[in-house]
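Okay, here we've got a single chain as structure tokens, the form predicted alone, with questions on binding and movement later.
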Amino acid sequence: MLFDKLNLLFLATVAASVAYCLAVPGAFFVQVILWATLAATLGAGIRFVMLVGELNIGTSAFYGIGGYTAAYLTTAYGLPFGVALVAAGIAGGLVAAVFGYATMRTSGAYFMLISFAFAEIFRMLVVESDFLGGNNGIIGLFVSVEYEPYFAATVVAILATLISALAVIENSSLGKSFIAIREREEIARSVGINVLAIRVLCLVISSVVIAVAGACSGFITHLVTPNDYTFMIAVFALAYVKLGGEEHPTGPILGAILLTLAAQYLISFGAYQQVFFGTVIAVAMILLPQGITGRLRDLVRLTAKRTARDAG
């Protein structure tokens, strides 16, 4: 019942956000909505790979692959926004398939370290690639003037749809296979599940979503640079998951919204912004070890027990 209400809250929030973006496309809060949506997508993407028990620090690389693919195709060949997004998703998925096939035989700390190395290698390759602008990156990412008023609403709708798709997959038989591998890999293997293929597929699905988010990010800021894709992307994505709670797909969304709003407020602290932001995350982790959704679940169960006891 609680999670059904959270799902409805998510849908209502998306509808309200799209409506607001269409009503006042140039408002400052539209940018906040866009950043929160990107953050939620990153959180949902990194949580998806956690379904098979892995932490993908390489999230920043796939975010960058999407961003640079869209940026290059748009500036070099003049492809429209929609085509660039599709190409970004395909590029992210293809790279994830190769990377996953080579690395998903490992697990735990080994996979985490390999994915971290992959993220740094990607960033160094971008810096050394003149056709991608090197340290300066690629600038000039714009949608057409006629489409500009609808851009923010479209991004919110697309990313919300992708987040929803991840939730649908999680609740399908494929999602159950992901969780079975995380909980009891040997048992999953013994009943005929191709563990490597399923683990790679999980990474590919997540990377497609993250790459599309990366492409959207480039059009929001109108540029992409290597410094946009450090491993801190994965660190923040993990913070969204842990704050919101990893038990339910809406957890990263709640965490992303709260931390995005906190970041906007903490900008006023200038150089101390990162100190206060880190403090907010640390305090939240201490007070809410199971995240917001975990705390809400415990409160619902406690209320139900009290109600049953009083009725008895």
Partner chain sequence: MSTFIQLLINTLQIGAIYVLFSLGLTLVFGVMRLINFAHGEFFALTAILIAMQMGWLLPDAPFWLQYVVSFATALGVLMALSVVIYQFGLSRFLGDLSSGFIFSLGLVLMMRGLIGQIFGNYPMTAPPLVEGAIYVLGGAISTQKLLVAVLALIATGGLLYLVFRTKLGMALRAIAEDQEAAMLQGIRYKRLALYGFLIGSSLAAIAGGLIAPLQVVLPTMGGELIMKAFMIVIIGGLGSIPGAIVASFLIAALESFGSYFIDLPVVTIGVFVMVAVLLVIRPQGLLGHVVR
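Just so you know, these numbers come straight off a predicted model, no measurement behind them. Numbering follows the first chain given and starts at 1.
Separately, the form predicted in complex with its partner chain exists; it is not shown, and the next lines address it.
Considering its partner chain in the predicted bound form, the lone stretch of 70-78, 145-153, 125-133, 205-213 in range is 125-133 [heavy atom distance within 4.5 Å]. Listed residues I114, I220, L201, A160 were compared with its partner chain in the predicted bound form; I114 is the one with a heavy atom within 4.5 Å. Proximity to its partner chain in the predicted bound form, defined as a heavy atom within 4.5 Å, holds among V86, I139, A97, M232 only for M232. Residue contact with its partner chain in the predicted bound form: T103 places a heavy atom within 4.5 Å of it.
Though the partner is left out of this view, G82 does not reach within 4.5 Å of its partner chain in the predicted bound form, counting heavy atoms only. S164 falls outside the set of residues with a heavy atom inside 4.5 Å of its partner chain in the predicted bound form. I57 belongs to the set of residues with a heavy atom inside 4.5 Å of its partner chain in the predicted bound form. Residues of 283-301 that come within 4.5 Å of its partner chain in the predicted bound form, judged by any heavy atom, are M285, I286 in sequence order.
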